[in-house]
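Shown next as structure tokens: one chain only, the form predicted alone.
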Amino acid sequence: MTSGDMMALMPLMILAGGSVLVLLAGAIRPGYYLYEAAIAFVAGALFWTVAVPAEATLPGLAMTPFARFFAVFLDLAGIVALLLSAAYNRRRGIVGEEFPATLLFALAAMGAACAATDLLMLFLALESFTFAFYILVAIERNSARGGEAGLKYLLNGTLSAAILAMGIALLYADRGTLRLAELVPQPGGPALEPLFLVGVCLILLGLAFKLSLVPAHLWTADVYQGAPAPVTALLSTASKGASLAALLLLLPLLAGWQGSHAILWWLALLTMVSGNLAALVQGSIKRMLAWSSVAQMGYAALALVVAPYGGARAAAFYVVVYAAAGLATFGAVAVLSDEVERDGIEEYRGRGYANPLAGAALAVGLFSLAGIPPAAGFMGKFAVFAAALRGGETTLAVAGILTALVSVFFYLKVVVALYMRPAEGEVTNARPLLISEIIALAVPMAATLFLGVYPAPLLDLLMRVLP
């Protein structure tokens, strides 16, 4: 390994090394600025990624503009999640070094997944951050709902890992290599073997679990509801971004196989329809947002159906826009939660006046998820549907537009509860927000509004990252 390779890998090394150091520091000095140290490590990795744009190709990993783009995205989401977690965990009695150390480990693994060049490294990275989320989801030991969520996530995730590993094994049995570049079918080459096609299908099914795509989506609502709100914020945004990046890396393997188009087509359609219809009947805000997350990933899958027509860039843009809105909404849920988490939508009646910043962040995030301008969700949906129409997928685009219209009802239902329905009983004044909470709410809310009004810089960047 050369010094240039070390420079390129330094962001991942900072996160992985920071995870170990935070774990050791917690054992020596329990509770001593652990979250501040974790934020410093993530900020250091973010600064290095931006300030030192070194590129390197190593066995299993390649630090490319694509990997660096997603590294910045993941680090920003991680900082917001840590800012939310510090105060939230103190209120809920979640103590110890395990939480910040595991979160740093998850960020390192997600960054590795975005830089993988062979299936073995991709599998290890995907399962490493999934394993970290098993711990984070069930971190609240006194919560029966959290334990149930962790167990359900573990059982479903284990099945997903087995399916993914079987698919990788079949590809290796057919081609004798795990390198992504060598697995890509060559134009005019021999017909794809059934073993290769079955392996690709199994890998797609394994990634469908990570992205909450139908039919591998049923775990999502229970896990999102049972996990601590800051964990749900990171799970619903950063892990989805890393999984989408992994799917983008695997898209060239589908070249030349018409069956992949039909698979992605049905995945997108069923996910959009199922997610939005299920969200209509939810009385829990976290379950509603969970089913909403399913639907949002359906729109990203819609963009992947027309990847050659700008769909890959639209999907990457959409996941960034969704992440900003998701961090704002789940961040507001975390801030509005005290010792007992507010979960029912009716419990948010009048809370927009009691806590103006949290109410505004929640409302802006919901407007973005609904695709209402000037929030960024409108531009995200516009990019996805425009790519679908360019690719000739009119039916899928119309289905996406109709399901998006349906989603407006359940998103605005929460906004109505926040501002237009009186609370049952007296609404006490909210506790003063900490600086960390103000930053954690203001940053994603500002990003949501900025990208809705001026998306050109991000779209131009994606033109260079995803040619």
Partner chain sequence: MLGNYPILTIMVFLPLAGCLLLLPAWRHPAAARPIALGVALLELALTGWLYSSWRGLAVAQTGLPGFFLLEDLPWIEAFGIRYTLGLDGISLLMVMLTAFSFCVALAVSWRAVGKRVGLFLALLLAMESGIMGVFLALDLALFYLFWEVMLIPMFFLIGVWGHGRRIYSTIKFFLFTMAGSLLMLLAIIALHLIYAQQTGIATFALHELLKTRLPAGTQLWLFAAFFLAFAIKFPLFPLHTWLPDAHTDAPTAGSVILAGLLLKTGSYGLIRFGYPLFPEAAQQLTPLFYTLALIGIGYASLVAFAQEDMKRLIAYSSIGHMGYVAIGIAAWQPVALTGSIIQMANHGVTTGALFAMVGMLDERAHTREIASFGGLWGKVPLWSFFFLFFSLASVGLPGLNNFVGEFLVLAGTMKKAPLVAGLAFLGIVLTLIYMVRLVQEVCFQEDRQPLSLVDLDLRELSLLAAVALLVVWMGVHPGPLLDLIHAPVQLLSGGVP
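Positions refer to the first chain, counted from 1. A quick note: this is a predicted structure, and the numbers were derived from the prediction, not measured.
Missing here is the form predicted together with the partner chain; even so, the following discussion is about that form.
- Taking 374, 157, 96, 185 one by one, only a single residue has any non-hydrogen atom within 4.5 Å of the partner chain in the predicted bound form, and it is 374.
- Though the partner chain is absent from this view, in the predicted bound form it lies within 4.5 Å of a heavy atom of just one residue from 442, 405, 27, 58, which is 405.
- In the predicted bound form, the partner chain sits within 4.5 Å of a heavy atom of residue 421.
- Although the partner is absent here, residue 459 is a contact residue: one of its heavy atoms lies within 4.5 angstroms of the partner chain in the predicted bound form.
- Residue 179 falls outside the set of residues with a heavy atom inside 4.5 Å of the partner chain in the predicted bound form.
- In the predicted bound form, the partner chain sits beyond 4.5 Å of every heavy atom of residue 434.
- Exactly one of the stretches 318 to 326, 192 to 200, 170 to 178, 364 to 372 approaches the partner chain in the predicted bound form with heavy atoms within 4.5 Å, and it is 364 to 372.
- Candidate site formed by 382, 386 and 398: every one of these residues places a non-hydrogen atom within 4.5 angstroms of the partner chain in the predicted bound form.
- Looking at 72 to 103, no residue comes within 4.5 Å of the partner chain in the predicted bound form, counting any heavy atom.
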